[in-house]
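Coming up is one lone chain in structure tokens, specifically the form predicted alone.
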Amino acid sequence: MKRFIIAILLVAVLLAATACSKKARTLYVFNWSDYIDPELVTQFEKEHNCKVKIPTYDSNENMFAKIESTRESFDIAVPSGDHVTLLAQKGYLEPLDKTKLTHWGNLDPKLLEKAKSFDPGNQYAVPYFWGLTGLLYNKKNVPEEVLKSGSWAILGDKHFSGKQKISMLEDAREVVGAALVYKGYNINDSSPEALKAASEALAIWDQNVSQYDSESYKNEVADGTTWLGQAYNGDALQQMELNKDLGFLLPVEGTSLWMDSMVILKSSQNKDLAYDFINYMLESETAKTNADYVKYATPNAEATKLLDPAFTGNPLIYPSAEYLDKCYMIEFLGDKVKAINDLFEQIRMN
């Protein structure tokens, strides 16, 4: 009888341990803020009996520094293209096993081809969203005559002189890139000539800039603390949906074009769960819901078919081919990026 009772107790302990083990699974998705529909996360947690934690970052540089220096083990990260290259070169990424991604075929082949510019052979990265950078403004504080040029030159307009009511992103590639494009250069040009021209524009713009921050503009342009801010298009459209006084423009000279991707880190402690999460995000209905929430263009071709024509027809999300011809994908520059970073720090610290 004792043996029987002991056997029952052992089975109970094993079952409890198994239950606890399943209960304890936690997936860490290192992501940009406001970049996933929280209801989708909740649904995934229910379906997979797990917890999903989403620590956030506000720039690729901060994301990379945290991955490189922390002892925390993130499972998934969502870097932009040039930082996919950097993470891969540093050996931080797990090569994709596409047999575990049954919805891979939902991705647009044309965008997968573009992704090969930063991820040859689509070896590490699963395209998540793509977008552009422009200017978010408050109509109460910025009159139409200031905006009519539609140019990056608005950042230096005398309307803002002495007021410091402009913010720009805390991102060297975006800030210096905007000045490069404004001056007629490729956003990836790090030559002395190009950076000298960019520095001239930045010196003027900086007089009107109160801060370089990739988060605060989302609320501060809305409440009038800041009148105009360099902004990612999806973030701007999220805010515009909440506040009719906000507007957004893509500068006439062109702008940065970026693609963010989901990658699995080699240090992940939950690789199978990471694959489940990415595959879930690739489902057409899930990707459609997520695009509706974040207001960015989805690389998921099947999800695009499900989106409202008002969404896919919005030129602030899906610009014309003519405008896209004036936009530049931010590329990995290796050591050449130091000159761009140095210029950004010089301007920011003035």
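Each residue number is its position in the shown sequence, starting from 1. What you see is a predicted model; the values in this text were computed from it and never measured.
Below, we refer to the form predicted together with spermidine, which is not included among the displayed structures.
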**Asked** Should Thr42 be counted as a contact of spermidine in the predicted bound form, where contact means heavy atoms within 4.5 Å?
**Response** no
**Item:** Touches spermidine in the predicted bound form: Ser33 (any heavy atom, 4.5 Å)
**Value:** yes
**Heavy atom of Ser80 within 4.5 Å of spermidine in the predicted bound form** = yes
**Prompt:** Though only this chain appears here, would Asp119 touch spermidine in the predicted bound form if you measure heavy atom gaps against 4.5 Å?
**Reply:** no
**Item:** Options 253-261, 95-103, 135-143, 150-158; stretch whose heavy atom lies within 4.5 Å of spermidine in the predicted bound form
**Value:** 253-261
**Non-hydrogen atom within 4.5 angstroms of spermidine in the predicted bound form for each of Asn60, Asp235 and Tyr296** = yes
**Prompt:** Which of the residues spanning 171-202 lie within 4.5 Å of spermidine in the predicted bound form, based on heavy atoms?
**Reply:** Asp171, Glu174
